[in-house]
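In the form predicted alone, a lone chain appears below as C-alpha cells.
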C-alpha cells in the first residue's frame, strides 16, 4: 500500500505555478520528484490538477515523472489524462521532431517527450528520426525513444532502418534488441537471413548472448554467431606470447586502444571511465597486461564485477552496479551509459563474478599489433 506523499509536497507543488521556480535549471529534479510523489497517490480532482500543471509545463523530465508516478498508482498517462490535456504538447513535440530546421537540442527534447506518448500515436514522428542523414544525437534519441515503446512493431522499425545508422547507432540498436529474449531472437533471425552481419555485434554483445540465461536462445546464438565467437583463451595466450618480447610502437598502440579499449578505459586523457584507467595498471608488467587483455575474467577486482539485471518489463541489462539503495539501482554499461532502475521495476540481479570486459578483443589483431598496444600502455604518463 502506497503511503501519502510528505506533508510538504502538496503545498509546495501548489505554489510552483505562481513562482519562477521552474526557470531555475537546478529545480527540475526537485519538481519532478514532487510530481511523482503526488501522481503516485492522487485521484480525482487532485490528479487532474497535477496533469494540468504538467500540461502547462510539458518538459520531458516532468512528463516522465508524471508517468512514473501514475504507474505506481496503477494507471498511465493515456488512462489518467481523460481530458487529453497533454495532447497539444505531444502534437507540438511531433512537429518539432519532424522539423529539420529546428536545433538538435529542441528535436531531442521533443523526441524524449514523444517516448512518453502511446506508441501508435508517436510512431510516425519517431520513425522520421531514424532515417539516414539525421544528426547523430537526434537519431540516437529516436532509437532510445522507439525502444521505450517495446513491441514487435518497434523491433521491426529499429531493424528496418539498419542501413541508415552509423556504427555507434548500430551498436546501440543491437544492445536494445539483446535486452529482451523476443527481440534477441528476431535479431538472430535477421543475422541468419544475411540482412545483418554477425560482425556487427561487438565482442561484449557476442559474449552476452551466447551466455544468455535462456538456454535455447544461447544455443541458437552459438549456431548463428559461430563465425565471431572468440577462440579458446589458452589458444590465444599461446598465439600472442611472442608479443612479450617484441618491440612495439606506442603511437600505433594508441590507435589500437582507440578502436578496442576506448569505450571502457581511459588513457592519455582519452576514453570512457568504466574499467580502470590504464595508467593504474601499467606497472603490473607486460605478461600481466597481456593476460588481462586475453583473459579478462581470470582476475577481477570487486568494483569491476559485471551484473546481469532483469526488470519486470522483461529487459535484461548488463553492467557494473554503481549505486544501490532503497529507491533504485544504477547500472553503468559499456560505453559509459548509466541506467537508473527504480526498485519497484526490478525483478532481480545476479553475477557470475566475471568482468564486464569481454573475451575476443584481440580479434583481427596480429602479434605486432598486440606488442604496440602493450607498449602504449607501458609508456603512459
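Bear in mind that the values here come from a model prediction, so they are computed numbers and not experimental data. Numbering follows the first chain given and starts at 1.
Here the subject shifts to the form predicted together with a small molecule, a form of this protein not shown in this document.
Item checked: The unique member of 281, 246, 250, 268 whose heavy atoms fall within 4.5 Å of the small molecule in the predicted complex -> For this set of options, the contacting one is 281.
Next item on the list: Could you tell me which one of 161, 260, 107, 140 places a heavy atom within 4.5 Å of the small molecule in the predicted complex?
Entry: Of the candidates 161, 260, 107, 140, 260 is the one lying within 4.5 Å of the small molecule in the predicted complex.
Next item on the list: Could you tell me which of 231-239, 81-89, 123-131, 297-305 sits within 4.5 Å of the small molecule in the predicted complex, going by non-hydrogen atoms?
Entry: Of the options, only 297-305 has residues within 4.5 Å of the partner.
Note to self: Quick one: 275, 358 and 361 and the small molecule in the predicted complex, is every residue within 4.5 Å by at least one heavy atom?
What the structure shows: Yes, the whole candidate spot contacts the small molecule.
Note to self: in the predicted complex, is there a heavy atom of the small molecule that lies within 4.5 Å of any heavy atom of residue 157, even though the partner is absent here?
What the structure shows: Answer no; every heavy atom of residue 157 is more than 4.5 Å from the small molecule in the predicted complex.
Item checked: residue 204 within 4.5 Å of the small molecule in the predicted complex, heavy atoms -> Residue-level check for residue 204: yes, a contact with the small molecule.
Item checked: Heavy atom of residue 292 within 4.5 Å of the small molecule in the predicted complex -> Contact with the small molecule, yes.
Note to self: Even though the partner isn't displayed, in the predicted complex is residue 334 close enough to the small molecule, meaning a heavy atom within 4.5 Å?
What the structure shows: Yes - in the predicted complex, heavy atoms of residue 334 and the small molecule come within 4.5 Å of each other.
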